[in-house]
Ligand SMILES: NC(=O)c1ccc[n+]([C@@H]2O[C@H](COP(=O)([O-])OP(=O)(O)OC[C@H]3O[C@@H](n4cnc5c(N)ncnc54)[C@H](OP(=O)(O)O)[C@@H]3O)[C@@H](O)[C@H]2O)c1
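Only one chain is given next, in structure tokens, and it is the form predicted on its own.
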């Protein structure tokens, strides 16, 4: 198969496009002929900072396509089924082996390109807001980095739940586009004082919940934006910087901080039910995910650079040979 692989951490240039052996389905796994690959934030972060467990290492969390092989103990899928699959690596390839419990059936009327974006982005957003963020109708949520895939999913879910949604982005144009997805108040983090604007919007009260998708030096402003006993969901570090919380910083606001890793729950029946419902909502147009740009699998270096530096609105996907 053709695949993207690397042997050491670094920038996008460490990745190579070439031939690797085809994966073989383990007893409880399936092999997917990949149609579309969604580039996730974790794909970039792992390439930069997580030493590969084996080399050559094929990166990538998530891809959609058609089942071409099943293990002997697989019961939920057969050859020919349309699925989207998750694994901790391996999606940047023409063939993608995933455990059965990390595979999700794609309805016949749902585009595989759009399906490729669903599990990580929408599942992470939903867990950040509700399962672990405790968001309720009438509360106010601040989404830091709201124009990305998880951010746009969070904006839509929160607005539908009856929350007031404040989002940050890098330009007025992006904030205006987000209004179509349910954003109530936008903050340009390049030009505005985030905490000051939040307190202006909330009449000095602060927000109930922060969803931090960016990490970095902006963390202090987000903490200042929280009300007392507010909740802070740590989701991602798209900025590349990894901030931390001080002991007394938590105490002063009686702040509740929670780390979000939907990947650790994606094998559970709860996650499967949630993702099936989300696919239904996407299929009927209740929620959606804009595709900012498409690349071919062979253009993975360029695609990763664009995700890192181009500030995509929504998701960036790569097309594989079977698409």
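Positions refer to the first chain, counted from 1. The structure presented is a predicted model; accordingly, all values stated were derived computationally and were not measured.
Separately, the form predicted in complex with this ligand exists; it is not shown, and the next lines address it.
When this ligand is considered in the predicted bound form, only one residue from 166, 93, 103, 214 comes within 4.5 Å through any heavy atom, namely 214. Scanning 224, 179, 170, 160 against this ligand in the predicted bound form with a 4.5 Å heavy atom cut-off leaves one residue, 170. Taking the partner from the other structure, this ligand in the predicted bound form has no heavy atom within 4.5 Å of any heavy atom of residue 132.
Interface residue remark: residue 315 is counted as part of the site for this ligand in the predicted bound form, having a heavy atom within 4.5 Å. By the criterion of a heavy atom within 4.5 Å, residue 36 is excluded from the residues contacting this ligand in the predicted bound form. Taking the partner from elsewhere, residue 276 is found to have every heavy atom lying beyond 4.5 Å of this ligand in the predicted bound form. Residues with any non-hydrogen atom within 4.5 angstroms of this ligand in the predicted bound form fall in just one of 70-78, 134-142, 120-128, 95-103: 120-128. Residues of 22-52 placing a heavy atom within 4.5 Å of this ligand in the predicted bound form, in sequence order: 40, 41, 42, 45.
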